[in-house]
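Only one chain is shown below, in C-alpha cells, and it's the form predicted alone.
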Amino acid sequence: MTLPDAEVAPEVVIEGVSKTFAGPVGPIEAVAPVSLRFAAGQTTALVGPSGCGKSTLLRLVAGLEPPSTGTISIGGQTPDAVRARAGLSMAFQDPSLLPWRSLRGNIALALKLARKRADPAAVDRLIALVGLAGFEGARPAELSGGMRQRAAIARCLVTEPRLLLLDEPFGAVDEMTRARLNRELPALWQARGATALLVTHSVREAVLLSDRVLVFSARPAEVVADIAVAFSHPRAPDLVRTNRFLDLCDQVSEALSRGETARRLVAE
C-alpha cells in the first residue's frame, strides 16, 4: 500500500542556497552557496565550528528564514507548505516552553497545533522516555535547564514528523542523560523511517546517531567533507569502543581541522 504524502519520509534537496544577513558594518554571509541532497529516511549530522552557519541552514530548511539565493525542496514541496501541514518538526537549542502550561500541557500542545488527535498515553510515554516521569504537572520554572530541553525534545517527537530537524538537542543535558537519550531516542524516528538533520558539536554523537556526517568550514558554511557512516541500526552500546567507530571519529575531527585551517588562510 502506498502511504499518503504526509506519511512518506521526504528527500530534502537544497540547490544553490545561501544566506546573508545585514550587519552593523555591512552584510554578513552566514551560508555560502551550497547544493545538497538528503536522502529520504536517512539521519544526517551537521558538524562545524560554532557560528559557522549550521543552525542557519537548519532554519532555512524549516522555512523559518528565507534563503538569499537558491531553492529548498522537501519531498517536492516548499518548506512553508510542509510546515503548514505539520510535516516537519524542529527542536531548538532554546526549549521555548510556555511558562503557564504544565510539562504535559506543553507537549500535548504540539499535537493540537499540528491538528492531530490528542493522545495522552503517547504524551506520557514520551515524558517517561526522556526521564521526566513524575514531573507531568510541573511548570517550566520548576524544571532545570536540562529537564526543559528534554521536554522540548519530547514535544518535537510527539507529532511523529516525517522530517525531523534537531539543533543541538542534547547540548543542555548532563553526560549520563545525554548517553541514554543517544541510545533510546533515535529509535523513535528511525522506526518510522523519518528523515532527520542533526546539528551537533559532538563528533562522537554525530557518528553514533547518523548515516552521514557533513563537516562544515568556519563561516560562511561550506562543506569540507561528506562522510558515510555505514553502521546498521539499531546501534549496540559497545559500538563506540570499536576501531571502525574510532576511525570515523578521527576522520570527522581531521576534516574539522582542515576546514578551520582553510578559512584562516583565506582570512589572512
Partner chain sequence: MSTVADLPGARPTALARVPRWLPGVVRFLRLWEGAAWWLAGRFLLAGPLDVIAHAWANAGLLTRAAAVTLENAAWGFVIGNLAAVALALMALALPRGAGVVAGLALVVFCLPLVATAPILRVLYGPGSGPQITIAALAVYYTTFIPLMVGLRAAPASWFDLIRLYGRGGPSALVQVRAMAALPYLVAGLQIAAPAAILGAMIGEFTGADRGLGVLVIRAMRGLDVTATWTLATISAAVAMAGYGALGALGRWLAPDRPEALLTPPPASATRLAERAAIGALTVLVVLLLWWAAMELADLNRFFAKRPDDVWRFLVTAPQAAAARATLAAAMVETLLWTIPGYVAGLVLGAALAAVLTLYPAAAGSVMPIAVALRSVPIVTTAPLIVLMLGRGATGTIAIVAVMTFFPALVACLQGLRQAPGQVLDVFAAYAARPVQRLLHAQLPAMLPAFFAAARMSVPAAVLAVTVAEWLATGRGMGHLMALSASTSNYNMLWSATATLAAVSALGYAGVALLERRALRRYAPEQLS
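The model shown is predicted, which means the values in this text are computed figures rather than measured ones. Numbering follows the first chain given and starts at 1.
Just so you know, the form predicted in complex with its partner chain exists too; it's not on screen, but the next bit is about it.
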item	value
Interface residue in the predicted complex among Val34, Ala62, Leu46, Leu208, criterion: non-hydrogen atom within 4.5 angstroms of its partner chain	Ala62
In the predicted complex, the one of Ala191, Ala118, Ala128, Leu98 near its partner chain [non-hydrogen atom within 4.5 angstroms]	Leu98
Interface segment, criterion being heavy atoms within 4.5 Å of its partner chain in the predicted complex, picked from 130 to 138, 191 to 199, 178 to 186, 82 to 90	82 to 90
is_contact(Arg155, its partner chain) in the predicted complex, heavy atom dist at most 4.5 Å	yes
Contact test in the predicted complex: Asp94 vs its partner chain, heavy atoms, 4.5 Å	yes
Heavy atom of Gln149 within 4.5 Å of its partner chain in the predicted complex	no
Leu143, heavy atom within 4.5 angstroms of its partner chain in the predicted complex	no
Neighbours of its partner chain in the predicted complex among 102 to 138 [non-hydrogen atom within 4.5 angstroms]	Leu109, Ala110, Lys112, Leu113, Ala114, Arg115
